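Next up: a single chain in structure tokens, the form predicted alone.
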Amino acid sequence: MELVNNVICPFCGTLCDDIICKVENEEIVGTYNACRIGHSKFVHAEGAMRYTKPLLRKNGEFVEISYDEAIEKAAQILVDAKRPVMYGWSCTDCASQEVGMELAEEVRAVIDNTASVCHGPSLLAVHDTGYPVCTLGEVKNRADVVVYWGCNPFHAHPRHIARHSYARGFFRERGRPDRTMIVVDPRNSDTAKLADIHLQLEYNKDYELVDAMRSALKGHDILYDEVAGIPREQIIGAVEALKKAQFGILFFGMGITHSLGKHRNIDTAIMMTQELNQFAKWTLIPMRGHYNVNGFNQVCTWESGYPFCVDFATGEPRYNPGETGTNDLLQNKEADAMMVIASDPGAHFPQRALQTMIEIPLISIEPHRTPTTELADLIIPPAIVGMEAEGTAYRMDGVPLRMKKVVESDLLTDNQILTKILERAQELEASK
């Protein structure tokens, strides 16, 4: 048995980089240091749910075809479509995302990633207000006040607290005793049970609570006995704890990005973070979900000037979330073809969007059986980045990390598949 050290986990945006994989006969059979979810992703990469050959739906049944046939079919679908959508991109590497951007421009598609249904409001707020971010290394070594707002890392990012918020750092030698944790969540979550202060606000009242905290921060009176279900005295006490920090960090998740107010919640939270810098050093980091969802937003911005929901219909990038988002196009029945890569909208999109996905040609570049592949007309299985292929991914704090290839695979990588589709699409476009 071989041990492969310093492997980066391709599960969540924490991108834990200390995983040790146990390898036998080119198969990962165990791990050290990984959380339960990360371990499951490593050791269950193979199995009955794994695709090993491209599949094409004929007469309602899937039949095996070659990679060349699959690439020809995929290119033909995208070139023939008048309004193709290319969605996903959050569980693959940056080089593949870059090829995807070129392909979207070639076939004049809308290209979008999972941020449009998770941290899209955060990206809109950053346009308005800025981005006072730091690295997870700074959190580990410096932070003495840690706020988790609208997220539950105990389950969603299982090693996040232990590796960063509770860890012993250069200026926090004792770890947990040197830190104050504040959790803002309407539920008494497992993360909230670890908190020193739990602000258990009412649902959809995040904006009101941030606004009240900003008022107290500026020395104004809070006019009501309670705001968002939280007594005035508790709000003032929490604000005093924020002001006394030496280095504070606000981690925020979908509990605030998707409650009433959406990106305006993040606007005002960013402004509060900026205002706190009059008293202490304060930063924030969004709790990104898929391991390279941040990477796509970086790549998309380099290539087009916009982070997601980019429409190449006119040959130039156009950006209008709410119109050029994948869900909007599907629910309005504007899309006439769709390619899904490195995500599973079939498990998460609303019924109206799924109905359109059933009606139009659907390509799925996916290693495992999912609700999306059950709807697909064409399935192209890739090697898995971070296990069977190397590549670069961006951690939730914007730090790029190089992911290792741990075992060999006979499957093409996402990059190779997309490059071949792009080359064939260019040939088809040239012959028109």
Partner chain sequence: MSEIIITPKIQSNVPLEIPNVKPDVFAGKSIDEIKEVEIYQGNEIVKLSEFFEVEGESAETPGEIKIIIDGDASNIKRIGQGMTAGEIIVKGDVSMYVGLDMKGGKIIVEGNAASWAGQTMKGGELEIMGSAGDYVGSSYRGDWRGMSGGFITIHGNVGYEIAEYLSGGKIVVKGNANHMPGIHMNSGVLIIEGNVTSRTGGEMSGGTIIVKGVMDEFLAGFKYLGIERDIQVNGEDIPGVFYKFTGDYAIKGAHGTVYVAVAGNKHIVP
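Numbering follows the first chain given and starts at 1. Remember, it's a predicted structure, so these values are computed and weren't measured experimentally.
There is another form of this protein, the form predicted in complex with its partner chain, and it is not shown here; the text below is about that form.
Within this chain, R172 is remote from the site of its partner chain in the model of the complex, having no heavy atom within 4.5 Å. Within this chain, Y207 lines the site of its partner chain in the model of the complex, having a heavy atom no more than 4.5 Å away.
In the model of the complex, its partner chain lies farther than 4.5 Å from every heavy atom of H164. At least one heavy atom of R108 is located within 4.5 Å of its partner chain in the model of the complex. Stretch 320-328 is the contacting one of 281-289, 320-328, 247-255, 180-188, since its residues have non-hydrogen atoms within 4.5 Å of its partner chain in the model of the complex. Though its partner chain is absent from this view, in the model of the complex it lies within 4.5 Å of a heavy atom of just one residue from K243, R142, K333, H348, which is K333. Proximity to its partner chain in the model of the complex, defined as a heavy atom within 4.5 Å, singles out one entry of D344, E72, E275, E102, which is E275. With contact defined as any non-hydrogen atom lying within 4.5 angstroms of its partner chain in the model of the complex, the contacting residues in 209-242 are D211, A212, R214, S215, K218, H220, D221, I222, L223, Y224, V227, given in sequence order.
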